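Consider the single chain below, provided in structure tokens and representing the form predicted alone.
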């Protein structure tokens, strides 16, 4: 099936990062607004050295931003450096609101009518934007589609104590569109278990729970997420396939995985679609949703991601079912799932 087969279909996306979905033209506008040498004036020396070591970033530092070249890197480290570089250019609450609006427009072009968007608010606080202003912006929602709900990434790299403090501040001014919390960041350095108290507090406040697990680390990370953090969904989770008992548990308990195949290939977890375990997980009865993770950086769209499932051996009917899972396993689902090309009273195509 071609990506165009899915473009007109109303879709839901459950695992996409706000800045990872930054439209290239919006980033270009930020680079013109903030000359890189100015934006990086207070950046740690290690960051500036890192940026200078990447050919795509050196061009941007010299004032030559071209999106096809900028989002081209030949290693996972190159992706991480590029992602970090972009964090220095959302520097005001106006920029943050502009980023949200630009990503919403991108969703609309893809006919993504419902999205649960992960936002790492601490990254924007680190650029001097007050947390209170960020939370206020997250509470705003236009009346027109797409419908967006937020998943706050507490960022495991800051450690459990700082993550709990951040959660406390967020709950004091809780955005009305906040659906859940998650943990992103360096899974191999900060596994799930130390964040048990943080997730228990979020659960007690009525938030839903997901976590990036089974991506950089193997099945033990997923087990910890389930047994200790008691999450509702697993972000990625593909390395669960390495433990048959875990696969059976996910299937029996109907715990969905937020699978992002292109991301897994671009970050080097698997070398090709042919190696990706989504088909094996599906055949074992594990519920799957499909998302893009960081679509701008991985040069993918949700329509293309769904189309690529054919390379993993999925039939058109199976792909349709996985696409429908985006609505079925949403934390704040619409009253009815839109049918292809049709509207519902709750959600209509863009």
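Source: prediction; values computed, not measured. Superpose the two forms; the largest set of C-alphas matching within 1.5 Å is the rigid core. Numbering follows the first chain given and starts at 1.
The discussion below concerns the form predicted in complex with a small molecule, not included here.
For the marked spot (83, 185 and 215), a heavy atom within 4.5 Å of the small molecule in the predicted complex is present in each of the three residues. In the predicted complex, no heavy atom of residue 305 sits within 4.5 Å of the small molecule.
Of the heavy atoms in residue 263, some are within 4.5 Å of the small molecule in the predicted complex.
Interface membership of residue 124, defined by any non-hydrogen atom within 4.5 Å of the small molecule in the predicted complex, is ruled out. Residue contact check for residue 79: one or more of its heavy atoms lie within 4.5 Å of the small molecule in the predicted complex.
Screening 291-299, 58-66, 33-41, 321-329 for residues having heavy atoms within 4.5 Å of the small molecule in the predicted complex returns a single hit, 291-299. Once both forms are fitted on their core, the CA shift for residue 127 between this form and the one not shown remains under 2 Å. Superposition of the core reveals a Cα shift of 2 Å or more for residue 73 between this form and the one not shown.
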